[in-house]
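Given as structure tokens, the chain that follows is alone and in the form predicted alone.
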Amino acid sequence: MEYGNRVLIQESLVQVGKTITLKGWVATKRDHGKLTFIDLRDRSGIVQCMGYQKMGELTTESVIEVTGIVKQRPANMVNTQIETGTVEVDVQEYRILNTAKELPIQVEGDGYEINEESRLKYRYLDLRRSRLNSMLKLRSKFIRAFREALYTEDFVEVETPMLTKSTKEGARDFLIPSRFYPGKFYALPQSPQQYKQLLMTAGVERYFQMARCIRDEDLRADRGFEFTQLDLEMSFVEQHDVMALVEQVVKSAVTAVGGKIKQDPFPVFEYADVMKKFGADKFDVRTEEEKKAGVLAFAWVVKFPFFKKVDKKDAAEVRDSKSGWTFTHNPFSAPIPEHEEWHVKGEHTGEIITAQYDLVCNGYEAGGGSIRAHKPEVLRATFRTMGYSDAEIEASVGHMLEAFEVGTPPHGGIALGIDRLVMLLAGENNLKETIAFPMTSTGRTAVMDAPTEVSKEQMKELGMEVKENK
């Protein structure tokens, strides 16, 4: 619905002969003596407008309002590059709503040639280019398709807290100091893992959310500090149940936005086999022709080892483990049923297989999940294998152990990387292209240029001070 007398540009196609009012941005301007032509852009498209010489005062990307008569363009002057290329607007009057000065970056073209620092500093301009505007629409439509598919399967969307506790989840936490509890800290969620398991204890049975997750990890093209995942969990299920439902909703969402899938159903590989065949658990099985056509090749990987030796170059792994062993995916996973006894007794650590399943696509990990530990002795055994005492386990995940003692059903779920999936759907190779306001490769925020220093008064309120490293 539009307010007032504004008409969307796309609607001008059916307004031939009528006087209409359009509002938008001056995409281009061309002066031809007594006549000035502009291409006016709004969210629905672009249309050519022609007016007398006075329109020459307009600058590109200024916001204007025009009122004029919609006319059919001559057959030899039709612009086949735009949807409204068969019509133009003969401007009777116009009004400048906001004048744009000289732009720090241009908004025409795909923007790849502009350096990242400039694009992100002026991201509100960068997003005006049609490629990125289409990306935001693709992302929105994709998320909507996921939601609709899950609502159909009786899932309940539940939001979980952003301020939580620092626990061992495989990456460094971002810590938030507490003003009310000096010297103590909240942690921003690496994932909603523990809360979604607690929702299973609560009897929700089928949960999901589009979750914002924050991890202090080393940055790269396909990973940032912040990311969005489709997070879901189901009670009273086994591994094949979760995989079947996830595959169903992924296919539904991908096809809803015009994506092409290589193989249906998704093939299933065992971890040991893919390591021998591809040398990695993330692989691409497309042909060259399928790559050029933008086909998505999904596959499952199962039967992962539960534990691995700590990588001494990984600070988070070194910090999390006290025994030299750490989990490969998630400490809240369960072993496969036939290895549960080994796990609880702390035997055959390197041979224990976890009920973990990863979804890979075109050489990337698109999602990861597992059947979870739902009995206290199973979760406790994971941390014992990592070298934690009973007191340390209680301090870290005692709240989970307590929940598991009051009737928690068997459950499992998955987290799908929305940013990465949109990147693959759009044929991009950088996550930043799929996010409205991404961070730079050095971890600075777009536009607002954080992190920054804060005032001494703010630090004093928190009972903190900054000391120089010597």
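A residue's number is simply how far along the shown sequence it sits, counting from 1. Since this is a predicted model, take the numbers as computed values, not measurements.
The same protein also has a form predicted together with ligand ASP, omitted here; what follows describes it.
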Between ligand ASP and D231, G368 and R372, in the predicted bound form, does every residue show a non-hydrogen atom at 4.5 Å or closer?
yes
Using heavy atoms and a 4.5 Å limit, would one call E290 a contact residue for ligand ASP in the predicted bound form?
no
Using heavy atoms and a 4.5 Å limit, would one call Q193 a contact residue for ligand ASP in the predicted bound form?
yes
Flag E317 as yes or no: does it have a non-hydrogen atom within 4.5 angstroms of any non-hydrogen atom of ligand ASP in the predicted bound form?
no
Ligand ASP contact in the predicted bound form: V422, any heavy atom under 4.5 Å
no
Residues in which of 409-417, 63-71, 429-437, 34-42 have heavy atoms within 4.5 Å of ligand ASP in the predicted bound form?
409-417
Counting any non-hydrogen atom inside 4.5 Å, which residue from N330, S166, N79, S323 sits next to ligand ASP in the predicted bound form?
N330
Which residue, R215, R212, H339, R123, has a heavy atom that falls within 4.5 Å of ligand ASP in the predicted bound form?
R215
